[in-house]
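In the form predicted on its own, a lone chain appears below as structure tokens.
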């Protein structure tokens, strides 16, 4: 029986390359479509050394119809990871991010309709929820409103209930209404809905996976939108303290890339996932301040204490933790990599990057991007 071939758009990137490893280990054939953007792959835009040799790489943009049609030849399933991501970049490069996410997805979907596949999985983000769910002192579950600018200017960081009462953050399930407070969240939500609608209309089993804050080896250190831990690590390796907004007590769900790609593979192999949306996270929370401190300790830079600025960024949420109950029931997914274990692997990988050319000037680039 012939091995199934899987296409990963954005397959030479951080998550895509790890997904390729996961699929190859399970006997799949893997093809990657990737434009090898300089922010991730450097100015040379050459095949990354970490990409498995067995991966067939097609260099091309997901917005290029010919490249997409070529990549889809004799493909059984597609993981759509290619995207213009990052809240920072999306607010500066609105046209680019909208084009890659919206037009690129539309080009892919038109090609998939002409050459249907057994399954299409699109990468989304828990950022589509905006603020997570909260519990009032009386035990009621409420959706917090976006914090008004006047509250942020006053340095009052915690969301309040309808009557101004304090709220306790709780894990957010897929049933929560979207609250699209950033351009990156807006285009991610549009991308997932577009895929699910077309998949349903053309009887193509389609699944949207909403990733939490993914971390692990191969993150693009020179890219300011490469993720919270990657940004902290970049500054620490350059001899600078991590910069933290607000008071650093905002909570985030940090999920290891190995758990994320296992969730992707389970989705591919599931007979009941089609047409559904699943959270993929660790299911637990950590304050940004604690994450930065642990990153500094792991890199041996304990003396570089996080710099708490007391400043804010519009569109940032206060707390975000994914409820992964649905993925556990439907896919058999659970996070297995502890933060301590995952951070140790990341620190060991980072130690091997210290002397690499791309680390030069990281601090300056981060400062320039705010």
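Numbering follows the first chain given and starts at 1. Computed from a prediction, not measured in an experiment: that's the story for all the values here.
Keep in mind that the form predicted in complex with a small molecule is missing from the display, and what follows is about it.
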Next item on the list: Spell it out for me: taking the small molecule in the predicted bound form, does every residue among 33, 37 and 214 have a heavy atom no farther than 4.5 Å from it?
Entry: yes
Note to self: Against the small molecule in the predicted bound form, would residue 83 count as a contact residue? Criterion: heavy atoms within 4.5 Å.
What the structure shows: yes
Check: Taking heavy atoms and a 4.5 Å cut-off, does residue 335 contact the small molecule in the predicted bound form?
Finding: no
Notebook entry, point to check: Can any non-hydrogen atom of residue 219 be found within 4.5 angstroms of the small molecule in the predicted bound form?
Noted result: yes
Margin query: With the partner left out here, check for me: in the predicted bound form, does some heavy atom of residue 41 sit within 4.5 Å of the small molecule?
Written below: yes
Margin query: Only one of these stretches, 308-316, 61-69, 341-349, 326-334, has heavy atoms within 4.5 Å of the small molecule in the predicted bound form; which one is it?
Written below: 61-69
Margin query: Just to confirm, with a 4.5 Å cut-off on non-hydrogen atoms, which of 230, 123, 109, 263 contacts the small molecule in the predicted bound form?
Written below: 123
